[in-house]
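Next up: a single chain in structure tokens, the form predicted on its own.
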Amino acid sequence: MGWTTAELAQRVGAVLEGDGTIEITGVAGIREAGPGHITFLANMRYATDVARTRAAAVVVPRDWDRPCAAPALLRAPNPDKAFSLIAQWYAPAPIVPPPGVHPAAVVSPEAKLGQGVSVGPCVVIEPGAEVGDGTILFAGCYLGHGVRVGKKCKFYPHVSVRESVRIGDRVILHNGVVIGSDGFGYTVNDKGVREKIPQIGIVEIGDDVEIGANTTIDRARFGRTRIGNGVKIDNLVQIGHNVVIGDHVVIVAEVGISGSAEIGERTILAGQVGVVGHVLVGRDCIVGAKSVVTKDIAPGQFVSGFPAIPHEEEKRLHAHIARLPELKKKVADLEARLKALESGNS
């Protein structure tokens, strides 16, 4: 089904400028869009692309004042949010396998499956595991002994959930996620040999969490590793044992969080951030990409760098570092002049 530009503008609360009769047949990126497509601009880095796009319509900020090649503009308070809504309406229907257990699955008679559960081929569900109503387990998933999974979850192929893990409702785990593997814990004996410390805790994941492909979350040494409600975790993230992640935290790709660290609610960890063990990152913080958190961070801070410090301070330090070659040359010149003066006086 398609809508006209006027209809879409009304549905997302945008102000239409230009032709409202164009029927939109799909969505696309600003550089790839063609006739019949709608696209958007949320980052001014791509502003020049608006002037040469082949799209039929572009969603732009309310104060947009630059050229646009499209015959229709939709001026929205939040172009990213407006376009996300539009993209949902044009997205293909999600793949929803029918309820039931595939003949190639292995489900213990001591496991409990709720109403409308879908279990794909080669899924293994161990004794004592419980799966809530409407949950989908795609091919090759593993649920260990005593695992509890909530309602309307979706686990993509090759997800592995180890024993006794607790997972809430509407949780999405992407391919290759591992929940509840042993934490990295060893002692060193008098011969310098590392001996494994039993990891007897669990992982507990709240509601409405989404975890990206090949992310791993370790079980606690004792007690629990906790992921709060609404947390969004990208691909290739490592979360160590006994870590506590507050509600609605965002963790971007390749982040590593060491054991017993705590991340406050609504905090954002950008790509490749490292967090050392036993530190507290307060609520509503932002940690910039490639930063390393080595000590506690107060709530509401924007930090970056290695070690992570307030972002404005870190920018000043980088500015000074960039001037080092110039300063080195000045010092060399001063030393040469001073040497020449000393030679003349002698």
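Quick caveat: nothing in here was measured; it's all calculated off a predicted structure. Heads up: residue numbers just count along the shown sequence, starting at 1.
Keep in mind the form predicted together with a further copy of the same chain is missing from the figure; the text below concerns it.
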* May I ask whether 151, 168 and 300 each come within 4.5 Å of a further copy of the same chain in the predicted bound form, counting any non-hydrogen atom? => no
* Tell me the stretch among 109-117, 68-76, 272-280, 128-136 that has any heavy atom within 4.5 angstroms of a further copy of the same chain in the predicted bound form. => 272-280
* Asked: Can you check whether residue 315 is within 4.5 Å of a further copy of the same chain in the predicted bound form, heavy atom basis?
  -> no
* To do: Would you check, heavy atoms only and a 4.5 Å threshold, whether residue 35 touches a further copy of the same chain in the predicted bound form?
  => no
* Can any non-hydrogen atom of residue 13 be found within 4.5 angstroms of a further copy of the same chain in the predicted bound form? -> no
* Closest heavy atom of residue 53 to a further copy of the same chain in the predicted bound form, within 4.5 Å or not? -> no
* To do: Can you tell me which bits of 319-341 touch a further copy of the same chain in the predicted bound form, meaning any heavy atom within 4.5 Å?
  => 320, 321, 322, 323, 324, 325, 327, 328, 330, 331, 334, 335, 337, 338, 339, 341
